[in-house]
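Just the one chain here, the form predicted alone, laid out as structure tokens.
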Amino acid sequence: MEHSLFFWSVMGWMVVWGAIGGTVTRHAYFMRDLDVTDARRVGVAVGAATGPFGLIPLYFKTPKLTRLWKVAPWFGVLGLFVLAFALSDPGNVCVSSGSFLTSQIANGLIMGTIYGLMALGLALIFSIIGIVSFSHGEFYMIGGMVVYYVTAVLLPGWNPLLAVLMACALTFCVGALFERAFLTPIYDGRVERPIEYSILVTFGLAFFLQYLVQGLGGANPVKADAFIELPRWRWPADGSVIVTSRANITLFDTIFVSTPRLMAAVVSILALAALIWFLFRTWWGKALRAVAQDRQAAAVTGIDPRIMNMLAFGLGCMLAGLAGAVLVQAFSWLPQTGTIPALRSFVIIVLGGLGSLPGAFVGGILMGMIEAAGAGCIPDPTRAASYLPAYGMVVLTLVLLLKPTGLFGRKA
């Protein structure tokens, strides 16, 4: 009880002094006719991390808010939170077990990489077309369903990587055809309210795909076999290798990693590298970037924005399908599987900055780390799993309050 009271006392300190810091710091910079763009965020971070000890010098000195001022105080906030958690619950497995903590960090990085891949597709669509696709989760679901039915029902024993390629091709074609059929009226000026129209048609596509898959395959959960059966590696001090299981990989006798998730992360990293090469080394990729920067100028140079719109939507759907195709070996799959990943992708692109591809990937990794920390450090595993969707909502709220443009976003 005393430990819990200490933790919530520290949290109250951070909230109160953070609110005071955000108010008084902005007021101080405003009264001195200084730039107040980042004053509130810096004041919140300094107040939460140091209380009056840092706010008083900041209020009277009003230094220039360089990048160091914008970043360093947040590490102080994180450090204070971790210290308060460790002191309030010293028996927690995240505090007492270093091997468990390193395993959670490793799994958070792995899942964050996969989250980033899916969010990349949504960010690509928004950066080119300027709409948010509410059917993104259904393409994620379709990618997994294609891999399962190809490898387990239609062609048992077939190479799963070929099934992954089939999932990518199918989701790309469906996305491109949908863009041509239903989003073209937006560019032709035939729709008076394009934002509302895009929301409605992508929502409609989401319901259609979800119930189409449920009607064709049923509502029972399915799961594909692991693509590659790797042994569980154990590296003792003598350097020998011991094979004990095929479910996980154990590195340095401390880090436990799920084999299917690790393989999915490897595929995600390769896909990210291929996307970077495509965007920066090919004519089509450079054309996409040109349309994202200035649509009219790109059209003057001979680039057809409509073709780029179709390509961007197809690629975005394909990235979501790829994320689902590589994760169907790790989780059970349902026609409703895409709902939570879609919501998570929306949070990630807001966190990274709407339309920012690097921000989407970095945001995905941060989200994976946050979920891994939350799921691992809550003592009750049942509650920890049920809280996973809530972490994204907390992150979304904090980002909208403190930095609405996201980590890498720019003001319009």
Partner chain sequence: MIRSLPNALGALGVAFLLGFPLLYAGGNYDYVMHLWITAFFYAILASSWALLAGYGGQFSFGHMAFMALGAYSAGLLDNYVVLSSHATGTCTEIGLFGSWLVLVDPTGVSTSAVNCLQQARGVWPEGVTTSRLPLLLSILIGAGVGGGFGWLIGTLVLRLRAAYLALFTVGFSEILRAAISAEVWLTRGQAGLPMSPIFPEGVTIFGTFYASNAKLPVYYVMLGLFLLTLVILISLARSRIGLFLRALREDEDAAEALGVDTVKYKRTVFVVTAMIAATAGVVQGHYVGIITPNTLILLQMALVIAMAVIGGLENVVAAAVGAIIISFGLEFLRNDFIIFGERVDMSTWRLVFFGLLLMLTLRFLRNGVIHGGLLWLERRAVGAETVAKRRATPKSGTEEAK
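Residue numbers count along the first chain shown, from 1. Keep in mind it's a predicted model, so treat the numbers as computed, not measured.
There is another form of this protein, the form predicted in complex with its partner chain, and it is not shown here; the text below is about that form.
Peer 1: With its partner chain left out here, work out from 140-148, 191-199, 326-334, 308-316 which stretch has heavy atoms within 4.5 Å of it in the predicted bound form.
Peer 2: Within 4.5 Å of the partner lies stretch 191-199.
Peer 1: What I'd like checked is whether Phe134, Pro185 and Gln210 together line its partner chain in the predicted bound form, meaning each has a non-hydrogen atom within 4.5 Å of it.
Peer 2: Yes, the whole candidate spot contacts its partner chain.
Peer 1: Only one of Phe178, Phe100, Trp74, Phe172 has a non-hydrogen atom within 4.5 angstroms of its partner chain in the predicted bound form; which is it?
Peer 2: Selected option: Phe178.
Peer 1: Answer with yes or no whether Gln214 is in contact with its partner chain in the predicted bound form, where contact means some heavy atom within 4.5 Å.
Peer 2: Because a heavy atom of Gln214 falls inside 4.5 Å of its partner chain in the predicted bound form, the answer is yes.
Peer 1: May I ask you to state whether Tyr59 is within 4.5 Å of its partner chain in the predicted bound form, using heavy atom distances?
Peer 2: Looking in the predicted bound form, residue contacts with its partner chain do not include Tyr59, since no heavy atom lies within 4.5 Å.
Peer 1: Even though its partner chain is not shown here, does Phe227 get within 4.5 Å of it in the predicted bound form, heavy atoms only?
Peer 2: Result no; Phe227 lies far from its partner chain in the predicted bound form.
Peer 1: Indicate whether its partner chain has at least one heavy atom within 4.5 Å of a heavy atom of Phe81 in the predicted bound form.
Peer 2: No, Phe81 is distant from the partner.
Peer 1: Scan 283-311 and note down the residues that get a heavy atom within 4.5 Å of its partner chain in the predicted bound form; none is a fine answer too.
Peer 2: Going through 283-311 in order - heavy atoms within 4.5 Å of its partner chain in the predicted bound form - there are no hits.
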